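In structure tokens, one chain follows: the form predicted on its own.
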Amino acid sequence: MKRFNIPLCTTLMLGVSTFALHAEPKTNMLHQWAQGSEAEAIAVLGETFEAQGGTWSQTAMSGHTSATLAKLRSDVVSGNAPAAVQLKGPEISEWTATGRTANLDDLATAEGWDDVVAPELLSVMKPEGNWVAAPMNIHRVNWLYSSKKMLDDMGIEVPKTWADFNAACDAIKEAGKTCIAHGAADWSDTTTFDSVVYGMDIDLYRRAFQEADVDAMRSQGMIDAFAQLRKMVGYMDEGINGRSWEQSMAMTMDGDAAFFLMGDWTVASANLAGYEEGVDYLCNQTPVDWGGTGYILNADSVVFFEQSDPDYIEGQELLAKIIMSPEFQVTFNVAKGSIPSRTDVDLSVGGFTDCQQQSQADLVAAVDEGTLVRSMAHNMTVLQKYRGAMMEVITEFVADDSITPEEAANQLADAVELQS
């Protein structure tokens, strides 16, 4: 098996250059990384910040993005905006429009961020032309993990289209085995549906999930996508309710299920649990009916809010420098299963897995082919109020087999219209 025993804190402290401090750098960071490898990575970030002479404090909010946003709004209204906040796509733009975010252009210019950050992230980090956020990584959402043992035993190849996928699942189900490992939760149901809609009709995905076009949501294409999701629920076992995504992952790695659809955070979790790529599991893109390379992108980032205290302003510069350093980008992403937001990091060294290296290659290919999209399920497209409404409809459809695909498509559009 592959293990990542990198001395994280030591690596970062040695790798991040010190610089003359004109004040005592401080930060208070609001984020959602409260558990697992994410919490470990943030702990290292805090330790590194302190090792560079800063004073670190944090508020970790478990659960949905809505909880973090509610806390942020409360803090801003009370005049106590945090210096740094974990935010994604549309929320970065929304908060920038309020004029409350800090301008990082001087630091970004000095550090050359425009030349090294993946181009597809620039508009997200600079929604109005100025740097307001530092990207930590790039996640790929549309991974299909396969049990190598089960596929080998049954003589089944990794499916490339949804018709191939259904045929494989029919054969697996006929043999009395579980085809899809799944844990029912709104975000995991929606992660699966992300890949279904995208893989069946990329233009529909863009219209419905990136532009919140309600006509697209009511279309025959969306009805067909819900019909495919209904098939997939039938390929799952009866224990999906209450099952965690980590337990679903283990079902596939242990050979108790054939397939698992989940983002690349699975890679780090699987390898750290003792599973081996190419032996216990395979990683491939989820099926696409239109050919080519598919890539649904998710990215974590830290947004900086205006401060009046020189200590916190100095702390923002230090924190941003650490986040954007190649050393932290390696440390954070090896631990998280994602790939760096910097394009100048060599993934052939430093502990990156074959799946992560494939992710980087496929990202480049998807950009060239014009097939890259951002993830609705992981809050990279529409505002949270629309995303939350859509997630509720999708997870209710998974839970209730009396809802028809036609009803679900209309409910999806109705839910978004109610939020407009």
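Please read all numbers here as calculations on a predicted model, not as lab measurements. We number the residues from 1 along the sequence you see.
Just so you know, the form predicted together with beta-D-glucopyranose (BGC) exists too; it's not on screen, but the next bit is about it.
Note on the interface: of 320 to 328, 279 to 287, 296 to 304, 220 to 228, the segment with non-hydrogen atoms within 4.5 angstroms of beta-D-glucopyranose (BGC) in the model of the complex is 296 to 304. At the 4.5 Å threshold, heavy atoms of residue 26 stay clear of beta-D-glucopyranose (BGC) in the model of the complex, well away from it. In the model of the complex, at least one heavy atom of residue 378 sits within 4.5 Å of beta-D-glucopyranose (BGC). Remark: residue 88 counts among the residues lining beta-D-glucopyranose (BGC) in the model of the complex, judged by a heavy atom distance of 4.5 Å or less.
Although the partner is absent here, residue 38 is a contact residue: one of its heavy atoms lies within 4.5 angstroms of beta-D-glucopyranose (BGC) in the model of the complex. The contact with beta-D-glucopyranose (BGC) in the model of the complex, taken as any heavy atom within 4.5 Å, belongs to 265 out of 131, 265, 162, 95.
Only one of 207, 342, 139, 148 lies close to beta-D-glucopyranose (BGC) in the model of the complex, with a heavy atom inside 4.5 Å, and it is 139. Every member of the trio 32, 65 and 336 reaches beta-D-glucopyranose (BGC) in the model of the complex with some non-hydrogen atom inside 4.5 Å. Heavy atoms closer than or equal to 4.5 Å to beta-D-glucopyranose (BGC) in the model of the complex belong, across 98 to 120, to no residue whatsoever.
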